[in-house]
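Coming up is one lone chain in structure tokens, specifically the form predicted alone.
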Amino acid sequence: MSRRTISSGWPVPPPNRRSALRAALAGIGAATLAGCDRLSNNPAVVDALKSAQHLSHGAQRLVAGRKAMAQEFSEADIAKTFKANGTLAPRDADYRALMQGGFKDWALRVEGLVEQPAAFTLAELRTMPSRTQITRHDCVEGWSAIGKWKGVPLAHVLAQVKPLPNAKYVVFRCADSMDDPAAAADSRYYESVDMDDAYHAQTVLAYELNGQPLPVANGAPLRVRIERQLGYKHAKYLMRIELVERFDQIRGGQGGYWEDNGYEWYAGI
């Protein structure tokens, strides 16, 4: 869950945001953290993330532009082991059944504010135009890893369903319950982005990592890569994509699982 990357084509994030994040991470000993669940209870991290949201979002769109690219790397830069964190294997019964069947019965539903709702199997997604990119995943915990991702651009999938004019956000619905799957309340992971990030060239629905089918620990069968944002935006175990005009009536109203727990919605890097 996480990221941050800088290149000649990708401006350095605003100094006050970077300083706040560094201070927060230094104060909690980020290198010793085991998962993002611990961070949600740390006021320093939550305050640092929340304080810079509007400044970061506006500054990046103004200075970097909507089509600015995150840095890409060479094969030699790929980490020998790409760290997995957060949920490593969903406990939910429906996901476990799909996994045991090799995801042959899995399909990604795309619906909401679209003209033509559809469902795509993993095999169908693999036949679509693909993009391969080597990028750095930066976690709010303070670690980074470079991996090679292959998947179908989200823009291509959206073109198949034809978003309606009032669609303003893309919501990613996932298979992993963050609390007990048997609990009454829905705690399945979810995330969202605006249409600018949804249509960005580096936003892909990834089904391969480092030349191999996506491992379960890294989000099999499909995860989203949103390369210009921190890793908690890169939702794993995708089951459904929903286009909406607003997200304030979804769950906690903040646009994502961690956002409902105090993180900022826009996690630009």
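In this text, residue numbers run from 1 along the sequence as written. Keep in mind the model is a prediction, meaning the values are calculated, not measured.
The same protein also has a form predicted in complex with a small molecule, omitted here; what follows describes it.
Only one of these stretches, 120-128, 84-92, 71-79, 106-114, has heavy atoms within 4.5 Å of the small molecule in the model of the complex; which one is it?
Contact-bearing stretch, as computed: 84-92.
Any of the heavy atoms of residue 229 lying within 4.5 Å of the small molecule in the model of the complex?
So residue 229 does not count as contacting the small molecule.
Does any heavy atom of residue 200 come within 4.5 Å of a heavy atom of the small molecule in the model of the complex?
Outside the cut-off, so no.
Just checking whether residue 98 would be counted as a contact of the small molecule in the model of the complex - the rule being heavy atoms within 4.5 angstroms.
Residue 98 lies outside the contact set for the small molecule.
Can residue 217 be called a contact residue for the small molecule in the model of the complex at 4.5 Å between heavy atoms?
Yes.
Would you mind picking the one in 171, 157, 146, 178 that has a heavy atom within 4.5 Å of the small molecule in the model of the complex?
For this set of options, the contacting one is 178.
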